[in-house]
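Listed next as structure tokens is one chain, alone, in the form predicted alone.
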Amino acid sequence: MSEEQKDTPPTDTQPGMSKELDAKVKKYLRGDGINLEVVKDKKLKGQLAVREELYGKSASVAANAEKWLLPSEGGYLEAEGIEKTWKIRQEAITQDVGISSQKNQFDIVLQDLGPYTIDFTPSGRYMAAAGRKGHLALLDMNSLNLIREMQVRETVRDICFLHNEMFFAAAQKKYPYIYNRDGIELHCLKEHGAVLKMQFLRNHFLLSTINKLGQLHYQDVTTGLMVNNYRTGMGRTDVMQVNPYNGVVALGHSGGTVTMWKPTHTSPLIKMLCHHGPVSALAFHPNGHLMATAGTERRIKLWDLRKFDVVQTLHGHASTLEFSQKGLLATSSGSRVEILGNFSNPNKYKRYMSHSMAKGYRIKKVLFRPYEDVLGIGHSMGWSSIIIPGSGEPNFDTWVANPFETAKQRREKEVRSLLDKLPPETIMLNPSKIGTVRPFSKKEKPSKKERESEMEAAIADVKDAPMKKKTKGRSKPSKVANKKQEGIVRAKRPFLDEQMKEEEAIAKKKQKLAEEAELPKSLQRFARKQAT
């Protein structure tokens, strides 16, 4: 055996590939290969052979990357025989999961301070809870330790983390306040007013709020400057959500419409009629292309935002909606939670799990915990946590969100995220346009003043042009003047022709509109007569 063969380590792409890796390679292959024996053209046959070899190598590399970088796989509940997954209760799930997963199922009863709303950090390690009657709490979900709790002694409507667990914002009775992890009040945002709902845009470091008067505010938390604030003109609403794909803020209104906003535009980017009654809940899929809305007419609709069309309509009422990292949809109404899944068809959601709270518990908010198969529920008696198999992403990227990050890693990530902060102008419906070349567009028509100035400049050039001196009476003043006049006429001609064409086009357009607007004889007597 040669030295090169001894030094070459065994790889998964060599003939001794495991059956598990073979299955992963098949997953990444682009269908069945081409039958090259049928192809008669030698040149085409060689090109196709090279292409097929390249596809095989890329599938093998992708399978190896999945093996080492994605070691864990998500699992769902599987029913046997005629058994239904939505009939499996939480008690049965607790008996079959490990000790580390059993601690994720609990109920915190604080009946005098609810209803509660909750929020998780992007890593899923920390949770903030806010009771309507002024109770604020910050918890470490890994150890289930209480980090800080306090009583602000006034109404709290919403709570959300900022860029990390060190800061969070609470929408209190009159104004929203920003606190640090130790519960110290840092800022009072009086310009926002009485806020009903808050969302934080992590890539742009913008705190977005909607208040009682229907005013939408965007504030930069790094500089403290108000980026923009304007009236939506659609009345009061507390249905607000951010699209994770493009950073666009969506609002659900009482007229059944959903509007989408960005901070650099005073009017909505999109205004779509989703329901015949008020919109009660709104949620976005993690990929940003699917939106779920719920209306008071007992309909839940799934929308494809690439064509703004309804993909599926479900019957039922929902006061809150939430998508998980793996695409499960949680809906709640009263004291019952329903989990919908799209296992057979990505655009068709079916019933997956259900959970009923104790009688008298009224659910205010449901929120999936990132990177865990856990659903957090804020209700009138406190907050609860239940196990939803397959809801969380099993593999986390430490550069994106690290549930086990240290203080040093958190500081480095904060600096890195500030350096990568995106300006508000990058928020748009199609962020893939960023970095592309703007397509060629036709030159805009010049205004009347610009046309006149161009014509005057052309006439001045003709007048100032030197005339050649000719002999035998050809340079008489009268002949020179006539030649200059001819030059001025030639210079004016293109501008006058263009003006005549525009006037003819306007006249034709007016004539066409008049013909379209002509009323039938029976209604002509009601037409408004023009003054003579």
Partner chain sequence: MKVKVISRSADEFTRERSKDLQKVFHNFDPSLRPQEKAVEYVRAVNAAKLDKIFARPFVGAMEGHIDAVSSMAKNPNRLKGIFSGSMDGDIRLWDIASRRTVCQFPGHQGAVRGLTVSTDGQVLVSCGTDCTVRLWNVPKATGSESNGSSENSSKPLAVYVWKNAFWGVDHQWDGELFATAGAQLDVWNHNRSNPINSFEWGSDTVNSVRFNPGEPNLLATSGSDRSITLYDLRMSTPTRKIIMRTKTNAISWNPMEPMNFTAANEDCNCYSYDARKLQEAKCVHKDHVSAVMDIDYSPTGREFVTGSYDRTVRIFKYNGGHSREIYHTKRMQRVFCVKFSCDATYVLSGSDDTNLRLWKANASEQLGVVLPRERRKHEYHEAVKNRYKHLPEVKRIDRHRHLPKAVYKASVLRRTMNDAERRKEERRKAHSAPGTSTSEPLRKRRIIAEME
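Since the structure is predicted, the reported quantities are computational estimates derived from the model, not experimental observations. Positions refer to the first chain, counted from 1.
Below, we refer to the form predicted in complex with the partner chain, which is not included among the displayed structures.
By the criterion of a heavy atom within 4.5 Å, R30 is counted among the residues contacting the partner chain in the predicted complex. The partner chain is not shown here, but in the predicted complex it comes within 4.5 Å of a heavy atom of G247. The shortest heavy atom separation between F396 and the partner chain in the predicted complex is within 4.5 Å. Although the partner is absent here, R336 is not a contact residue: none of its heavy atoms lies within 4.5 angstroms of the partner chain in the predicted complex. Partner contact region in the predicted complex: 83 to 91, out of 276 to 284, 108 to 116, 176 to 184, 83 to 91, criterion any non-hydrogen atom within 4.5 Å of the partner chain. Note on contacts: among P346, G235, G74, G316, the single residue with a heavy atom within 4.5 Å of the partner chain in the predicted complex is G74. Only one of S143, Q151, T426, S356 lies close to the partner chain in the predicted complex, with a heavy atom inside 4.5 Å, and it is T426. Along 424 to 438, residues T426, P431, S432, I434, G435, T436 each place a heavy atom within 4.5 Å of the partner chain in the predicted complex. In the predicted complex, the CA atoms of W68 and E412 move farther apart by at least 3 angstroms compared with the shown structure.
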